[in-house]
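Okay, so here's just one chain, in structure tokens, the form predicted alone.
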Amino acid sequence: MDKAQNIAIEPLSKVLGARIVGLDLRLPVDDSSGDVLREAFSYYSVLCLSDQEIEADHQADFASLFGKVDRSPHRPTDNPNERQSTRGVMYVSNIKRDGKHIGVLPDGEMHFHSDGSHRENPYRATSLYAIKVPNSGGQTMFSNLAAAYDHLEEETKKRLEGLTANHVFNYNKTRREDIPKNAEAYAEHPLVRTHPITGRKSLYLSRLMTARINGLEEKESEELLLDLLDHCESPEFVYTHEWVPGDLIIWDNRSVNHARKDFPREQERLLRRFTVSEPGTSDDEV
């Protein structure tokens, strides 16, 4: 029997996401199963595989099904519980050793964003694996930007045609209030993008990283951005994931924003992250 026929796909919510059942990622994924995963990824935008007991190399192999796994400029952290990978592993954690965090983005709420939007060639996807999670809080919220675009008024859709916006690197901050609105380093992207696989249009902007809309006065730009961001973050377009250790999630940065809810700082949180780029793009970008 073809292994792909053993895969079950269960929707995570009405707005986006699917749970994939029937794969043990400690084992190689065959070609048919890979095709099923890529098709589900394009359609659902967020995939979750639960109860996975995997190391960094297993996660990198899984992520490579969806594009080129990035070599991160950040050095892997000294995590005693994990076998180190040389393929760009990064940890998101508030755990400290010798007074220093072993990972990045340790604490607090984090506004909605799309990973790598500050790059000329943004990340295609991000994979996150839960090793340790707090008893409360720390959920990841995903916003369906294609559905948000579909529900815009036609007049607004016409207004957005041809507009671009500047995206800045803001990962060392977690709130829009701290965003550098006139940063010298930025990437310019269309406000509306078309998904290369599904052909669906989606908004491409985020509260954390989109600084301004080009061609508009600053006040008009910010007012339009805030209106669009509030629209994208409406509950009808958002799925909130409650992490359980062993959860592996991969999401499509081309059509989804994500955010983090706050959690008690005294509770440890440790997740392992790989990003996926379009084949043929450079590893030199931050």
Ligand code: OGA
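Since we're looking at a predicted model, the values are computed, not measured. Quick note: we count residues from 1 along the sequence shown, nothing fancier.
The same protein has a further form, the form predicted in complex with this ligand, not shown here; the description that follows concerns it.
Enquirer: Would this ligand in the model of the complex be within 4.5 angstroms of a non-hydrogen atom of every residue among Val92, Met110 and Arg260?
Expert: So, yes: the whole triplet contacts this ligand.
Enquirer: Would you please decide whether Leu105 lies within 4.5 angstroms of this ligand in the model of the complex, comparing each non-hydrogen atom pair?
Expert: The answer is yes: Leu105 has a heavy atom within 4.5 Å of this ligand.
Enquirer: Classify Trp251 as contacting or not contacting this ligand in the model of the complex by the rule of any non-hydrogen atom within 4.5 angstroms, answering yes or no.
Expert: Trp251: yes, in contact with this ligand in the model of the complex.
Enquirer: With the cut-off set at 4.5 Å between non-hydrogen atoms, does Arg273 touch this ligand in the model of the complex?
Expert: Output for Arg273 is yes: heavy atoms within 4.5 Å of this ligand.
Enquirer: Report whether the minimum heavy atom distance between Ala147 and this ligand in the model of the complex is within 4.5 Å.
Expert: Ala147: no contact with this ligand in the model of the complex.
Enquirer: Among Val192, Leu128, Leu152, Ala211, which has any heavy atom within 4.5 Å of this ligand in the model of the complex?
Expert: By the 4.5 Å heavy-atom cutoff, the listed residue in contact is Leu128.
Enquirer: In terms of non-hydrogen atoms within 4.5 angstroms, which of the given stretches 195-203, 153-161, 211-219, 110-118 touches this ligand in the model of the complex?
Expert: Selected range: 110-118.
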